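Heads up, the chain below is alone and in the form predicted alone; it's given as structure tokens.
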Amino acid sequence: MVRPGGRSARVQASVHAAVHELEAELGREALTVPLVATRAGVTPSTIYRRWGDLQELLSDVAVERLRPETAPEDKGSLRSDLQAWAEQFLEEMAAPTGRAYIRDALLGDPDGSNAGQCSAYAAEQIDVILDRAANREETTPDVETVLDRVVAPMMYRILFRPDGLDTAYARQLVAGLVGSTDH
């Protein structure tokens, strides 16, 4: 387990920052482990030991970048909350940067743990929305149903059929799950 604020956390933070800086300055294609290590102030062996290779490092960085920064917005109803969240999720993940992070998260993930973490982020956000709705005494589906009927179709389209994706698609998925009007 990584101790918050310990040496391991500092190394991770400096290496992640180095990846972001170098990617912005030189482009992704120019990234190498020695270049990242030099910028981060660590040895290449530190990176190889912790991440294995550049692709696994980029995967780790991507997972961190895919972590939501705030709780889902409270719009007052299950449909409104879920619709706002789905629209934002689709917008962020379908953008070129989001698609690149998704690719990185999956490519450097030999055991599936990064994909699982990304899925957990979505599930946590949905759980907040469903808890709010339940507290308002609305009938709610379970988290897995929302993942299956809203998130999974969006991810499929983002990865394999991204043309024409817009907020109307997210709204359509939510309406198919919870109806098109507030309950």
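These figures come from a predicted structure and were not determined experimentally. In case it trips you up, residue 1 is the first one in the sequence shown, and so on.
Missing here is the form predicted together with a further copy of the same chain; even so, the following discussion is about that form.
Remark: V63 does not count among the residues lining a further copy of the same chain in the predicted bound form, judged by a heavy atom distance of 4.5 Å or less.
Under a 4.5 angstroms non-hydrogen atom cutoff, a further copy of the same chain in the predicted bound form lacks H20 among its neighbouring residues. Though the partner is left out of this view, T46 does not reach within 4.5 Å of a further copy of the same chain in the predicted bound form, counting heavy atoms only. When contacts are judged by a 4.5 Å heavy atom cut-off, Q125 does not count as touching a further copy of the same chain in the predicted bound form. In the predicted bound form, no residue of the candidate spot (R132, T140 and A170) has a heavy atom lying within 4.5 Å of a further copy of the same chain. This chain is displayed alone, yet in the predicted bound form one of V42, L54, L35, L147 has a heavy atom within 4.5 Å of a further copy of the same chain; that residue is L147. Interface residues of 60-86, taken as those with a heavy atom within 4.5 Å of a further copy of the same chain in the predicted bound form (partner not displayed), are absent.
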